[in-house]
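A single chain, nothing else alongside it, follows as C-alpha cells in the form predicted alone.
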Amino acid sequence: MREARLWLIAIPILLWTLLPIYHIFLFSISTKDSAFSGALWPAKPTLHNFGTVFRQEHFYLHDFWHQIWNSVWIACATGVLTLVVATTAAFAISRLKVKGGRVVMNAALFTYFIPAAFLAVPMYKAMGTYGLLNNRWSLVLAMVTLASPYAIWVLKQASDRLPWELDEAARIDGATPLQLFHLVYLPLMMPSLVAIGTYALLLAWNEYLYAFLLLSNNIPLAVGLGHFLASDDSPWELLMATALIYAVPPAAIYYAFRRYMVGGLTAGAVKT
C-alpha cells in the first residue's frame, strides 16, 4: 500500500518535470507554421531544424560552433580551476590543520547568504578594474568564485572521513606534505573530486547572467540563445532545437558520473 502511494505521488511529479523537456523536443521537430498548433505530436515531424543549426543557416546561428566551443572552454577551465583551488584548500584545512583554515572556509560559505545575482555588478566592476572584461577568463574566475566555497566544504567533509592512520604511516615512511597529497589524499578522494569537478563544470555551462554581463565577444551559447528573443518573430523551432543540442553534453556528463555525484556530494554528511 505504501509503495502504491509513493507511485501515485512520483508519477505525476515525473510527468510534470518531463513536460517542459517534451515541449522543447516537440518544438524542435516541428515546422515554423505548426510549432504552436497545440497538437501532442506534429503532423509532419522533421529534423530539418537540427540541420539548420549544425549548418549555421540562420542569422542567429552564424556563430553556433564558435559559441559552443566557448561554452566547452569556459566550463572545462572552471571545472579544472575549481578542483585545484578546492582540493588544495580542503587538504590544507583538513589534513594539515592550517591555523585559521576553518575560519576562512566558514567566511567563504557566508557569501552564499548573498544571492549570486546581487554579486554580478560588483564582479563586473572588479573585472573592469583588472582589465578582464570581454575575456573568457573573467567568466571562469567568476564561476570559480561562486563554486569554490561549496566545493571546499564538500571536499573538507569528505577528507575528514579519511583515516588519520594513513597520514601517520606515510609520515613515518618519510613522506612530505606534497607526497602525502599526491600519493594518499588524491587517490582516496577521487569520487568526491569527480563529483565536484562535474558540479563546477555544469554550473559554468548553464550560467547566463554573468556571461551576459562580462562578455560581449567570445560569448558562450547560453548567451547566444538569448539573442533569439530579440526578434519580434523569433524562430522558436530553431531556438528549441539549439537548446536541445546544448542540453545533451551536460546530460551525458551527469549520467556518466551519476554514481559519483550522489556519493561524492554527500560525503561526510553522516559520520560513523
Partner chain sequence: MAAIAIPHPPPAAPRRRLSSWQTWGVIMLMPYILVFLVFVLYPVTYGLWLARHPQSYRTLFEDPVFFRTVVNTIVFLLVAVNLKFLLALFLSGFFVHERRWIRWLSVIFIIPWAVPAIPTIFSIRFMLNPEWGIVNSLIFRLTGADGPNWLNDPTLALSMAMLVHIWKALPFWTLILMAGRLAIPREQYEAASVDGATAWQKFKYVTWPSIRTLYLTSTLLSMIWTLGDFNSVYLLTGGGPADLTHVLATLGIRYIRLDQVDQAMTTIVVALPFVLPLVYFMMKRLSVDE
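Residue numbers count along the first chain shown, from 1. Here the rigid core means the biggest group of C-alpha atoms that line up within 1.5 Å when the two forms are laid on top of each other. Note that this is a predicted model, so its numbers are computed, not measured.
We do not show the form predicted together with the partner chain, though everything after this point is about it.
Not displayed here, the partner chain is approached by Met127 to within 4.5 Å at the level of heavy atoms in the predicted complex. In the predicted complex, the partner chain lies within 4.5 Å of some heavy atom of Val104.
Interface residue remark: Pro191 is not counted as part of the site for the partner chain in the predicted complex, having no heavy atom within 4.5 Å. Taking the partner from elsewhere, Phe64 is found to have every heavy atom lying beyond 4.5 Å of the partner chain in the predicted complex.
For the options Ile68, Leu238, Leu213, Ile29, the residue carrying a heavy atom within 4.5 angstroms of the partner chain in the predicted complex is Leu213. For the stretch 86-114, the set of residues having any non-hydrogen atom within 4.5 angstroms of the partner chain in the predicted complex comprises Thr88, Ala89, Phe91, Ala92, Ile93, Leu96, Lys97, Val98, Lys99, Gly101, Arg102, Val104, Asn106, Ala107, Ala108, Leu109, Phe110, Thr111, Tyr112, Phe113, in sequence order. Core-aligned CA deviation for Trp73 between this form and the one not shown: less than 2 Å. Relative to the superposed core, Tyr112 shifts its CA atom by 2 Å or more between this form and the one not shown.
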